[in-house]
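What follows is a pair of forms of the same protein chain, given separately as structure tokens and numbered structure 1 and structure 2.
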Structure 1
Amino acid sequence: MIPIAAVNPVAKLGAGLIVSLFLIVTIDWVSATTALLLELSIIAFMGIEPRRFWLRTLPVWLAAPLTALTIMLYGRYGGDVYFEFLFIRISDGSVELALATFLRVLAIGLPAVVLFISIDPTDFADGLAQRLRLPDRFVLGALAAVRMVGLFLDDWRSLELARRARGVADRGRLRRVAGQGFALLVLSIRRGSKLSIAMEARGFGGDTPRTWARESRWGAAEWITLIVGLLIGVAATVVAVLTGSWTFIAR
């Protein structure tokens, strides 16, 4: 089992970006297939529960075929034409491009989702500020916003129950959603104002160098994660070049 949960979130982000950089410069199915097979072989040893894996990656599995379908209907023309109607033309070129797009979405999306399953927002913010040296105000503001998402969901449920108790949410679903959305917007602005005042009162907007409660550690595990991402990208590119299928995206 690979202890991926203990790896610095910045290293996970870097590994995903490295693989993506190798895949977005070409539009062939061989490199995407190679990368996808290598990624799935590594994911199998991460110890992720199957139910959790399928639930978290479900949007990727849904987006990949939908994207491929669009490319197949309106993508690159070439070779034999199998179906044509108005702007729709299914040919050898569009089918090949659709297959490459389908595999590429999976090869880029799956590791991104899997690597971020175990990421804690606070650890990620610590890594962005301490390792990538991003501005403190930007990082802490984004962290506060992420932490507020759960509160927004609770507020939405509370507003819905309150409106039902007052008898104003029995009819008109669209009107109810619009009313609750406006109420949530007002509540969010008020909470954001209070949070900004509280953070400024605690010195979050000062010019003095900040100290951090937890150190963002970087060691061998992080370097190995980056190297694995690099090896996957290089292997996918080498296999595509050797098979003659590597195609620069600008062509």
Structure 2
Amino acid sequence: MIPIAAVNPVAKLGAGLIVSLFLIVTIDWVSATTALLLELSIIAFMGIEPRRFWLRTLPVWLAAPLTALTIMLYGRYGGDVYFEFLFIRISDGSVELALATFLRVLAIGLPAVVLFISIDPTDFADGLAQRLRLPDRFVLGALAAVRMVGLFLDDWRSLELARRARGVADRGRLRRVAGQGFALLVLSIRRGSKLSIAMEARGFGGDTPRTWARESRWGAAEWITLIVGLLIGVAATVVAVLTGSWTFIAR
């Protein structure tokens, strides 16, 4: 079993970006298939519960055929044309591109989503500030706001109850959601202003160098994660170039 949950989120982010980078520059079914097979064989050993895996990756499985359909109908044409209607033109070329697109969306999307399943916001922020050296005031400010999501949900429920008590909850669902969303934004900005005063009062944003309660570790596992990402990308590219199907996107 691969203990992917324990890997530094920055390494997961990096590995996902590396794989994507190799797959973005080409549009062909060989590189996408190679990458997809390698990715699926690794994902199989990650020990993700099947239910969780399918639930989280469901949007990718839906998006892949839809994007492919768009390309099949409106993609660049070539070879025999099978069907033509207004802007729609299905041809050998567009069918081939659609197949490549389908596999490519899966190959880019699946690892991107799977690598993000187990990321905890606090670990992510620690990694971004300590490892990538992003400005700590901004990273911790964002983390504080992310931690307020639970409060947002409570507020939303309170707003709903308040509107129901006033007897204005049953009129036009869309308008109600928009109005309630705006009220929530006002509430959260007010709360953010208060929070910033509290943070400043405790020395946040001061001039003394920051120390960290939780150290963001970087060791062999993180390097291996990055190297595996690199290897998948290189393997997909090499196989595609050798079979002569590697196609640069801006040809």
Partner chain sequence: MPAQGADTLETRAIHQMKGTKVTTTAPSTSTSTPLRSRFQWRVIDIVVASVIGVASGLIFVVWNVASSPALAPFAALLPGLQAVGGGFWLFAGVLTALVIRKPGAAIYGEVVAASVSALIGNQWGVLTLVSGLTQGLGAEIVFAAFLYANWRVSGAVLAGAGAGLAMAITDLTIWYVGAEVSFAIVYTIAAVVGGMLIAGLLSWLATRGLAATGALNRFGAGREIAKRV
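In this text, all values refer to a predicted model and were calculated from it rather than measured experimentally. Note that the rigid core is defined as the largest set of C-alphas that superpose within 1.5 Å between two forms. All residue numbers here follow the sequence of structure 1, with the first residue given the number 1.
J.: 1 or 2: which is the form predicted together with its partner chain?
T.: The chain shown second - structure 2 - is the form that fits the description.
J.: On a rigid core superposition, would residue 199 pass a 2 Å threshold for CA movement between the two structures?
T.: Residue 199 C-alpha, core-superposed: shift of 2 Å or more.
J.: For residue 154, decide whether the Cα shift between the two structures is 2 Å or greater, given a superposition on the rigid core.
T.: The answer is yes, as the C-alpha of residue 154 shifts between the two structures by 2 Å or more after core alignment.
J.: Rigid core fitted, is the C-alpha displacement of residue 108 between the two structures 2 Å or more?
T.: No: residue 108 shifts by under 2 Å between the two structures.
J.: How many Å does the Cα of residue 145 travel between the two structures when the structures are matched on their rigid core?
T.: Residue 145 is displaced by 3.0 Å at its C-alpha.
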